[in-house]
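The data below hold one chain only, encoded as structure tokens and taken in the form predicted alone.
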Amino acid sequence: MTSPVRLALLGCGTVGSEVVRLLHEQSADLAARIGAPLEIAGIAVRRVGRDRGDLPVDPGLFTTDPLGLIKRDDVDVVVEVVGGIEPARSWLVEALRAGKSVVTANKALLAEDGAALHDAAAEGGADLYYEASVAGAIPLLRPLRESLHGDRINRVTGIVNGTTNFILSAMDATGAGFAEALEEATELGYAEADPTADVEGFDAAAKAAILASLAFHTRVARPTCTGRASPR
């Protein structure tokens, strides 16, 4: 029997919970695709006793020790959905240097210090995947990394922030003011409770840095900003 691929999940908030659900609901399909079953080895969170509803996961998998989880010998892949710069950077560098592949959508970290992650991946002989960091489920980064890798790209254009796109469209179409359009975007769930990253351009800048790094085969970093988060 093929040995399972064991995952360490860092964070179990809104995104992490859905990762758990998808792994549970699509387990047979995922196993058929990769040729081995996927198993959750552990989930690092800030509060083990937090009510997570009907999440289909063994409560015994939760831990408040992310580094301890990462260092376990039975962990093959680390999935990071915590966000922020630190301690996420330290955790992922540790995992990659240990030869454990990483999947992350942490656009802020990738844009600010993606070089550290890529260097750690090269050092450990591990893979670093971050497709969801730009354009969500739209397959954009993989074509840049693979299909277009040998082509010369002169420019990359596009709308990379849906929240500001909605706000500007609403202001243009209805004559609404910025505050009114932002309030509507928040009510509809397009904007975060704290929309700073979107309306101040940090989100778009991070995505632009990631896209430019891949398209032009160089390391483009977004200007440093502070960011710290803990697993939820």
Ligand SMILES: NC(=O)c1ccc[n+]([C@@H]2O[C@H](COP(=O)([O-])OP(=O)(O)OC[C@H]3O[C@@H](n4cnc5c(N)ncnc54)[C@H](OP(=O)(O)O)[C@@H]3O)[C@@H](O)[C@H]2O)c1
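Throughout, we count residues from 1 along the sequence that is shown. The shown structure was predicted, so the numbers you read here are calculated from the model rather than taken from an experiment.
The form predicted together with the ligand is left out here; the points below concern that form.
Just one of 120-128, 152-160, 101-109, 71-79 has heavy atoms within 4.5 Å of the ligand in the model of the complex; which?
Only one stretch qualifies here: 101-109.
Spell out, yes or no, whether the shortest heavy atom distance between L144 and the ligand in the model of the complex is within 4.5 Å.
No, no contact at 4.5 Å.
Closest heavy atom of V15 to the ligand in the model of the complex, within 4.5 Å or not?
Contact check for V15: yes, within 4.5 Å of the ligand in the model of the complex.
A44 near the ligand in the model of the complex, any heavy atom under 4.5 Å?
Looking in the model of the complex, residue contacts with the ligand include A44, since a heavy atom lies within 4.5 Å.
Just checking whether A132 would be counted as a contact of the ligand in the model of the complex - the rule being heavy atoms within 4.5 angstroms.
It does: once the ligand is placed as it appears in the model of the complex, A132 has a heavy atom within 4.5 Å of it.
Sequence-ordered residues of 74-101 touching the ligand in the model of the complex, heavy atom within 4.5 Å:
In sequence order, V81, V82, G83, P87, W91 come within 4.5 Å of the partner.
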